[in-house]
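A single chain comes next, written as structure tokens; it is the form predicted alone.
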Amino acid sequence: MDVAVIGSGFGGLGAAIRLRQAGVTNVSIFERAHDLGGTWRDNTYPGCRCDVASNLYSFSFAPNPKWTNTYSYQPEIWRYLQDVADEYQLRPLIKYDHDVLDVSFDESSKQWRLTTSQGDYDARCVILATGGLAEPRLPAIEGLDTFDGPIMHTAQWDDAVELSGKRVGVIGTGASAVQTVPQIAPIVSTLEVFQRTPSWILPHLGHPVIERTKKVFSTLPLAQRLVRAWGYWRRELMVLGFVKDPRRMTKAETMSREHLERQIKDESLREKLTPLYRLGCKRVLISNDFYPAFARDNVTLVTDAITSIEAKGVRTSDGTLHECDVLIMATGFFVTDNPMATKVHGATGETLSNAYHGNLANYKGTTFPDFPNFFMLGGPNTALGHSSIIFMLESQLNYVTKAVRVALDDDALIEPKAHIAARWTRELQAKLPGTVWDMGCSSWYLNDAGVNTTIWPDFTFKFRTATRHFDPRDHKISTSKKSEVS
């Protein structure tokens, strides 16, 4: 095939659409599951919704005038992706139940060999679109495998596990916990929430969309585009605090503290829920019902460190055994150490994971030296702490589709020049000191060495400008006609 796309979430579907629009039709999408949708297919835990407004968290070329909430819940986002696949006739391209086990460049054929659970495939170009939130992370807690009851990660929610009337423990107080806890608190017997570090939580502004608004968006698409643009630029202003001057975050921190004080009257509990780091250093959360859940008699916040998990529950550093019938892990994902990156081998045998370890330079978070005709969506330093990842994916696809078109038209192998990629990586990392992500907290934005290889440290429109074109001068282009074009 000309192009193998790995993953059928926003990135994979967007790539297939843009490639078709560029005239590339010999494309296959490899999906390990039985249906499309990626993160929004898998995360079915109670209360799951997006924390970016619906009009912005969607493709610019496929607006949905029928969103039922300004901040959509998981089922509706998944339905949107299915509708997009149908509208653009993508389903015939998808190879379901094809788990990609290895992606290696074959020097003899000058192609990529994909080893999958259902056989091997060759492709001239590969687009990795598995995303950073694809592999759930279980905590490395002693005795985890000795627990007598069910254990499930929020990203692998099992509706067959009975929670009603049970003693439930939730480990973690990040994004998925903030959404799950209020939903299950009313039905469980007891709920103990184990917190390592409190999160900054702002009021949630989501609300149902009235029918009149839907009609306006349907009849006047420009109105929805204007709402999208307003939401985009309002979020861009957050960069002034995140990147330019973190002291600007004090206003938002005050808003968060007032939100906490309004909803938690117990001073001791309020102190436990108050972060001691700058807002934005970790992911900023939004919720109106997480704090009130702790006002329930059956909900307890546990801040003593977990030392082990035993057959009957969770043991904490004060010696207490917190007995549980069910354990729920709200412990996030492998992001900087995504297992998929260890399965991709370039022309020299080097693995893609080295890009996150700091040993492999990247170009625009998308391409890598010695990885010819290989493109990564959502690559190093392309995630966001303030806006929509869909904007970043569409920006990358401007560059990717042009590069793929050149590779196919000229029968060429394309990769960034080593010194160009090194310069891009060096200049990007130089922007990180002094930003809010450099304020001393521990977060999933950082790799094992404490380096931020996840977040884009600037305005997103600058990334859009950087990826708008494919510049041959920045690339090593090897063709059968000419060994290298500068």
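In case it trips you up, residue 1 is the first one in the sequence shown, and so on. Remember, it's a predicted structure, so these values are computed and weren't measured experimentally.
Beyond the structure shown, there is the form predicted in complex with a small molecule, which is absent from this document and is the topic of what follows.
Checking 328 to 336, 374 to 382, 246 to 254, 360 to 368 against the small molecule in the predicted complex, the stretch whose residues place heavy atoms within 4.5 Å of it is 328 to 336.
Within 4.5 Å of the small molecule in the predicted complex, a heavy atom is found for every one of G174, R196 and I306. Although the partner is absent here, D51 is a contact residue: one of its heavy atoms lies within 4.5 angstroms of the small molecule in the predicted complex. Contact annotation: L90 falls outside 4.5 Å of the small molecule in the predicted complex, judged by heavy atom distances.
Using a 4.5 angstroms threshold between heavy atoms, K282 counts as touching the small molecule in the predicted complex.
Heavy atoms of Q179 reach within 4.5 Å of the small molecule in the predicted complex, making it an interface residue. Of the residues given (P203, G143, G149, P139), P139 alone sits with a heavy atom within 4.5 Å of the small molecule in the predicted complex. With the partner omitted from this view, the residue of V188, A407, L133, A85 that lies near the small molecule in the predicted complex is L133 [heavy atom within 4.5 Å].
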